[in-house]
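Below: one protein chain in two forms, given as structure tokens, structure 1 then structure 2.
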Structure 1
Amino acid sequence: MMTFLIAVGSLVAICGILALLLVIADRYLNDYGICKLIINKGSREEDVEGGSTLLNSLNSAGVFIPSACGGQGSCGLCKLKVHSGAPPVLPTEEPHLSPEEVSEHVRLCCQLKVHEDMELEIPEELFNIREFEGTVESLTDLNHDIKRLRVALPEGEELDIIPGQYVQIETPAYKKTPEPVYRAYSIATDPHDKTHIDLVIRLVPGGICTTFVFEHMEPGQPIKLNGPYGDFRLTDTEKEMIFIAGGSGMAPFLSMLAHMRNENIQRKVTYFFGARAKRDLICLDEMKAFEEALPNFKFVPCLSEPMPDDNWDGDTGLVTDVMKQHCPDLSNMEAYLCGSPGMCDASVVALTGNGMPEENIFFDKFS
């Protein structure tokens, strides 16, 4: 057994070293010079240094493309039409592109390297995305592995958000990344506060951005962010609503509930928050305050694996099962989900199983 583990470990190490050498060789031995990005038939042109990804090249030129996974090729959001200058579709792009998109030259710009001039088609609304260099105002522990990051925007700057949207924050180069990378986080801010951005960030073991936030970030540090992005938001109907999320998926619902309180929106809403044990719960005092301010709001925390000393007398089980027990008929309701693809997919099955039309389900999947 030990021999097998040593062999696997050696193979992984060799592959890692080879991958690192390829990255270094591509970065330092291949000189692509200055390349031109020709945007929207020449209405805008940007000269960029060749060799980086199209996503990073556009970011450096002040054009911010949505990318919830920060350029890892897993979210599939950073789609653009690339009419020339790109190689054939890469294997890492194929799962995210339909045959119609391929025929229309749609590509994932996080996977493409800029090696020559490119002709691009970028939706006009993306030019309205703004970048700020804010200041870390505070980092607050919400539980053992989740922090609330509060960023103050530069003096005199304001940002209007729609509750449910997200921003991308930049992790600067440090020991885990040779170059800055971006990660997307839902905004938890009260939309009345236009001078701050609040984010709820859960530590991902080995994660580039979350490790930086948890181990290296301190109040007073500068931090770059851009946005807002996304169309996850409340509808303007009067339908009763269900929120489902756990962990850092609470972020957009903090903003939505603040919006409902600010605007005296009296729609009935039940928020099912899933956690494993009591130590994983967050923002209980804020939820209680929302229940007091919004008579038609109810917060239902549920634990899937409560520990003996939790002394838990609330709901237990998977959040989807608890939701089904509380809401046997969902035919005239709406649902809003925020979490991992697995959690969202399981929730969709549970919701539709109790009669909710699929078009009434809205979600923000983590990547």
Structure 2
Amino acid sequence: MMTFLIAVGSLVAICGILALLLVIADRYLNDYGICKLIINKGSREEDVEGGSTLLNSLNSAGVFIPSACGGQGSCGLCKLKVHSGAPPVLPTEEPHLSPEEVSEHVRLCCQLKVHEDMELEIPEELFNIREFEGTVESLTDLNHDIKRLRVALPEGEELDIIPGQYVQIETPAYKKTPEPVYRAYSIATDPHDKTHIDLVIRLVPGGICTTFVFEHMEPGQPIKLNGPYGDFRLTDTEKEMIFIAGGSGMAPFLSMLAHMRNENIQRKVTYFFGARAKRDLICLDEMKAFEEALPNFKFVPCLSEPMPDDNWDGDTGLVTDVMKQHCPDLSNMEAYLCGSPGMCDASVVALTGNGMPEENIFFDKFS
């Protein structure tokens, strides 16, 4: 009996010592101390706490790298050249990097952890991207699952945007989300208004950010956002245009149409907006006002499943089919799309099928 107790006691003691050693090792191995980020051959240096991702470390140093996925490794936008201090390419980076990029040390900075000093190359224009702590000015229902969020920038701050660009907003830690997360939203603001950012946000059931916006956000609350980012924008040709969107894809077109009105741009444009039923349509009054201000602008809402009491006498069917009926020859036109990647792919098939060259079709390919 005594021998058995001694054996059990020794085993417990050994396990205890091993656990302690693991804790100590973990503390030391994961404490990377302060690491230096040496940017553009030393023209800028930042000391950061080791252990975080390079994307977050740069953010905390006030350098904002384009990102549309909040650092999940899915958008492929956060590419930087990292000349030293990084491990070999990770499996989560591989799908986004071409062999040439790998040979030029291009990396996804959201996937790399800062464990030692790093030498980086950052394009100078990225130093213009800024972070603001704005205030939620209003949150308005546009329909049953889409809200317009209006953010006032801090007193004295202004932001110049190009219609089509997006910002990232921070969802603070809440409920089950232990860390803040970032999500991208297209800017819907009239570019003349440099002191506000308007966003059109659709609720994604069970989504981290949109649940926060719909259930926990209130006017007067502070909100962090950074940007502007993105290359989606109107060309400066005179070509006739088609816009295609559904749901919250409305956002960039509000900004683009306001810009056309402000600058008296008289290009012909037809906007096909796909929705299920009348209750899903948004911004009808604004579209009417744009039609009045821009004689060459036409808004074509199309419903795929109108309800009997919708009394709908407008276009019915899939938005791509309606577009094809309205525009049989697209060979000399341009198209601007805002929707999920699958929807954009479906539109590209429909547009090229009616003669539009693929290089005349514009959308955020990473979204």
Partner chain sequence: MKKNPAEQQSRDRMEPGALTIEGFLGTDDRPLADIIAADTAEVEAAGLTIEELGAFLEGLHKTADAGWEGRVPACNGKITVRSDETLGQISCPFTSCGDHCHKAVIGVKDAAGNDLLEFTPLDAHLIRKHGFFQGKGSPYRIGPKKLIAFYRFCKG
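If you superpose the two forms and keep the largest set of C-alpha atoms that fall within 1.5 Å, you have the rigid core. Quick note, the numbers are simply positions in structure 1, starting from 1. Treat the numbers as computed from the prediction; the structure is a model and nothing was measured.
Peer 1: Decide which single structure shows the form predicted together with its partner chain, answering 1 or 2.
Peer 2: Between the two, the form predicted together with its partner chain is shown as structure 2, not structure 1.
Peer 1: After a rigid core superposition, would you say the CA of K175 moves by 2 angstroms or more between structure 1 and structure 2, or not?
Peer 2: K175: C-alpha displaced by 2 Å or more between structure 1 and structure 2.
Peer 1: N311: with the rigid core matched between structure 1 and structure 2, does its Cα shift 2 Å or more?
Peer 2: Yes; that C-alpha moves by at least 2 Å between structure 1 and structure 2.
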